[in-house]
Structures are given as structure tokens and as C-alpha cells.
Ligand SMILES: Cc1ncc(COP(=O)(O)O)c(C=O)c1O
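One chain comes next, on its own, written out as C-alpha cells in the form predicted on its own.
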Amino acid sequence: MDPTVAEEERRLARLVRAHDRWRGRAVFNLLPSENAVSPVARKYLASDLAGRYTLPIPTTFDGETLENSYTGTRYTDQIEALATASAARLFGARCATVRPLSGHVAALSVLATLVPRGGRILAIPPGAGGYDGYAPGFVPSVLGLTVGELPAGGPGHAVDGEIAAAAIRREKPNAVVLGQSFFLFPYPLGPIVDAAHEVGALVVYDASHVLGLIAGGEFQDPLREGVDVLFGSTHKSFPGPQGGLIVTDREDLFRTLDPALVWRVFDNAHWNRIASLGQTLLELERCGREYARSVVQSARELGTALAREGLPIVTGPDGPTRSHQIHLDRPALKASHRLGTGALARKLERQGLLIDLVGRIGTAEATRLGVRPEEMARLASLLAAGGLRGERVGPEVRAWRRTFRSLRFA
């Protein structure tokens, strides 16, 4: 063996172990786009399923109709069926698929199959907290769609239902895409759904950030409130492996969507991920309500405590948040402390406190670790001391982090 390759293998092993030690023992992860996967779900990711490849779609070959192009799928088929059934139960949906490889792929799958090429969508623009992927030049361009702006001008990029409904009636899109990267408050779905259906538009809800909260009944219930399709990432407030899922009550839409996924957006699914996702779905069926309630309560407590500590926080009529996210008020932070959110995040990272560079702070993973809502004041004090006052809080962070040895809600 080339000695260079052998050394690189050893280096790779060292890097993975170092990452696991650092993330697993030395830091509090407050990134709203990440979460902790349960030990059982992680075990399934490393199972033999990781290398398996199936194509479970009816096809015709040499005049014979085949349900699958491969043999050896007796267990993968059952694993998918189990995960799909759990997803349908958890979200109260008639139809579900767990095959999308990410939340972004789930979005592509929905829009590519349900919106005609040359059609028009309305989405919240990035400047109002929306997902960059729905902006012109990204997903719409790939799919041959035009995109207009769905207004989100309230505090914390909140959506006003009547203003949004007026835009929908004026623009008459094929679909309204709800969902944001900066996502603090539920949507007023009633007027949005009524306006969209009045002009013949679908309402699709990208719940990537709040999927775990919806699963726990804590944010809002889009399907019961008239949304046509719900989809999202499974690794943010939803505490599973990286991936995506799609659920809907509209059997007519699902009959169009599900068969069209294979050989268009993707072909093979990742079966180790589906097994891991199935485990996470079952865990949330058991304790998702308690988990989601604790995540949101912690976020509200943390936002209030950070404001007391002098960190400017975006607030709305209902306080700092109704989700797992808190947003730093970036202009106010610069004005009062001459500090950008990127610089603040780098200072905190050196102290073992991870927030993202654009000023979002999340409580989902800390909740899984076992940090309780009543402990958010201590966490806020550490964030302010390490970020604003430049105090050396790393030793306290590491000592406190080591007291959390197992995951809750798993």
C-alpha cells in the first residue's frame, strides 16, 4: 500500500474521532439547522443497508411486469412501508413518502411534478427571511418556473394573511410556497389557503425548519388548515438523519407525485437513512409532543433572557418566537455593540457555543441533550459573557456540557 494513503487513512480516523469528541462533549450546538440523532437511529445508518440499492417501482422488462428491478429487497421494502406508515400517522396524512434525499430534493419533487413547466409560484423572498432556493435563478429556473414575491413584512418576517391573500389574488400563481429559513411564527393559513384555492393555486408548505414542531403538535397543523402538500428536512427541529419527507391528504396529488419521482428527481433511495428516519418517526410518535413543547418553551425563555443580558433580539406581538429559532437583531447589534453576527458567532465558537453566522440561535439540540427551559437563563448569560464582554467562559461551557451524557426524547 502507498504509505501516503495509509497515513491519510489514519488522519481521516483522527479527524472523525476529534469531531465526535468536540461536538459530543465540548460544545453546546445552538444551530437551528441541526439536531442530534438518537443512538438507535445512528446505528441504522451504519448498518448493511448503507450499501444497498433497490428500485421499487413497477416496470416492464422483456414483456414481464416487475415490482422491483432487484432481488434481495424483502426487508428494505418492509422498512420503507413501516417508515411511511409512521410518517402518515404522525402528521395525520393519508399519503406519505420518505424517499426524498433532503428537504431541498423534496421541494424539487413537489414543484417538478405538481406545477406545470412555464408556471408561476409565489414564495417569500430571501430578503424577508425566505429560503434562497426559491429565489429567481435557483429552483424556479431549474424547473422553468417564474417566481413572484409573497410579502412577509411583519416583525420577524411574519406574514400578514390579508396582505398575502391580496397578492395571491392579484398574481394568480399555480402554487404558493410557504416556508422560510428565518422562521419564527406560524402562518395565518386561513386567508392564504382561501385565496389560493379561489384562483386555482396549490398551497405547498416547506416545513424544513419547523417539521419537528409540527410533528409534535406545537407550531401549527398545516394539513388540517387546508395546505395541499407538506414537506421538509428531517434534521433540523425534526431530530432525524439528513433527508426529507413529503405528506399530503390529497390522494389525487400523490398519485401524480409519487410515481414521477423515480428517474426524474432521483432513482434509488438511501435505505439506511430510511431505516434511521423510521426510528426517529417512531420516537416522535411516542414523545414528540413533550419534545416540541420543551423546544419552543426553551426558545422563548432563551430569547427573553438574551434580551435581559443586552443582546438585541427580534420580537413580534407574541414575544421573541413561537418556533425553535431566535433571531438576533443585526442592525441593533451593530449599532449598540459595533459587532456583526458573523464576528459574534466566531467569538462564541471559540468558547464552545455554536450559533450561525447570520444571527439565528436554535434550541432543538440543546433540548435533546436535556437542557431544560429553566436553564436557558444560564445559557443566555454564557452567550452574553463570551460574545459581548469577551469573557473566558469556555471552561464552564465544557464542564456543563459534560454533565449531559445521553439524549432525551430518544
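Bear in mind the structure is a predicted one, so any value in this text is a computation, not a measurement. For every residue, the number given is its place in the sequence shown, counted from 1.
Beyond what is shown, the protein has a form predicted together with this ligand; the following relates to that form.
The shortest heavy atom separation between residue 276 and this ligand in the predicted bound form exceeds 4.5 Å.
Under a 4.5 angstroms non-hydrogen atom cutoff, this ligand in the predicted bound form has residue 131 among its neighbouring residues.
Proximity of residue 104 to this ligand in the predicted bound form: non-hydrogen atoms within 4.5 Å are present.
The closest non-hydrogen atom of residue 180 lies within 4.5 Å of this ligand in the predicted bound form.
Taking a 4.5 Å heavy atom cutoff to this ligand in the predicted bound form, the contact residue among 321, 298, 248, 233 is 233. The partner is absent here; in the predicted bound form, the one residue of 109, 294, 208, 97 having a heavy atom within 4.5 Å of this ligand is 208.
Of the stretches 159 to 167, 336 to 344, 264 to 272, 233 to 241, only 233 to 241 has residues with a heavy atom within 4.5 Å of this ligand in the predicted bound form.
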